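Let's start with one chain on its own, the form predicted alone, as structure tokens.
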Amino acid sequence: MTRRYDEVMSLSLRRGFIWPSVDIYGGFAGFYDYGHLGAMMKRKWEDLWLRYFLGLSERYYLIDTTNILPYKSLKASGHVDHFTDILVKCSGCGLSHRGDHLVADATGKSAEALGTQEIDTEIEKLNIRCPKCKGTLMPSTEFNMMFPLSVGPTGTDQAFLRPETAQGAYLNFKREFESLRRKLPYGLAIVGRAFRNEISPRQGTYRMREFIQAELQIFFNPGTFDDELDFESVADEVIRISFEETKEDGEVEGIEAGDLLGRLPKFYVYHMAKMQQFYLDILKVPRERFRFAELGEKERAFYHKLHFDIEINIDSLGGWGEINGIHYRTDHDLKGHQAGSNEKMTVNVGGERVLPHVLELSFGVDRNIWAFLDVFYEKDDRTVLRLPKEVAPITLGIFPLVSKEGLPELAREVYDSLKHDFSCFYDESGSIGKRYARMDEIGTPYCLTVDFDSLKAKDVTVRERDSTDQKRISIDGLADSLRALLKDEEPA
């Protein structure tokens, strides 16, 4: 791991963002828990995601579905037969490895497109040995990543923990179509847990066995969807994009959305632009750290006709890392469930029978949290986590300058007046400089200090995290003034 990885993980452990599950027993590979700051940051990120993406259309809705799915449903979706990674075992120590990771680590290039025979060829050609004991590696095999379950008192009902949240939307498609007055397009969003039995989980919360996805499944008529979107509103958006043939070189092109229409469908480009705006305009991710990266036919999932990942340049992981994806799944999912259940998935829209296609906007919540801890972490003359204000776990730190002469009492009054409208933290321990430093390190945008002048003027000193600039603001109307600051506006 890199020094940057160690720094980000140290911050996470020390301050209460993320740490290994079951830590007192030595941890549990591929599983992590969120501490008090991480849980708040994650919840704020999820809330912001919901507001933005459900706001793209009045016909996009949130649902919540089961984590356990029966065998038949995942057989119909193709996961029983095709949801695999390449497993390579060591003949010496018996440790399991993911084949494409072994090759990628040896070459510095992605190997996700390689099959078992190609992996074996590369291992032999490059003389790759077991990273742990340097033993000889056995021939590779395909490994299904789903967690099997036995349901019921006798265990006769075979099921799996869901490998993706998406199937919940497809299985509820018909009921929601009827409930939503039989109109297309419409979208179903799910924020929840998914489970994949990763062969070699690594890189902290970037690759886990139990993880959180935020996904929007958009059901549409492929013959009319382009005309139902306001493409002109995004036509001039310059999309940062790397195509299949150039992405390994790190090349990123800036292409206006309108100029991508000769290569990609209009509805696809429209949603690429909206996803980019979410990251660059709302979350303030530096433009140079963001890109769409195309996956070729051998790399992408078997059910995707088009697949671009959203990647962030993450220093702690050594470069570009996937955090999200936009996938055109065509009618694969509904067609599969129609065949497996004998339930018709075609619907009548305006007198036309349609088997809807699906556009999937898929986000790895845990990966986003890790990426933000990395991208916005700065350690120079001071340590600062420059998180977007909307996702900072604590919005306001509230302090008395010293713990005497009425300052704590007034500071508590300020805290009590704000705690229901903002996420606040009260602290009177240590010097004011150390308290500011603690808040900087966890990303708190503003600190409010009650000093001796506050007792007379009934105001507080408000310190901004990034610039450390300070201004005095009246306690009267303080909540409204802070709302203005959080919107990058001057308080009244």
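The numbering used is simple: start at 1 and walk along the sequence shown. None of these values were measured; they are calculated from a predicted model.
This next part talks about the form predicted together with the RNA, which is not shown.
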Using a 4.5 Å heavy atom cut-off, which of 74-82, 231-239, 253-261, 183-191 contacts the RNA in the predicted bound form? 74-82
Can you pick the one in Leu62, Leu48, Ala29, Ala457 that has a heavy atom within 4.5 Å of the RNA in the predicted bound form? Ala29
Considering Arg162, Arg98, Arg291, His357, which brings a non-hydrogen atom within 4.5 Å of the RNA in the predicted bound form? Arg98
Give a yes or no for Tyr436: in the predicted bound form, does one of its heavy atoms lie within 4.5 Å of a heavy atom belonging to the RNA? yes
Mark Lys305 yes when one of its heavy atoms lies within 4.5 Å of a heavy atom of the RNA in the predicted bound form, and no otherwise. no
Do Met138 and the RNA share at least one heavy atom pair within 4.5 Å in the predicted bound form? no
So in the predicted bound form, is the RNA close enough to Gly204 to count as touching (4.5 Å, heavy atoms)? yes
Using a 4.5 Å cut-off on heavy atoms, which residues of 390-413 contact the RNA in the predicted bound form? Leu401, Val402, Ser403, Lys404
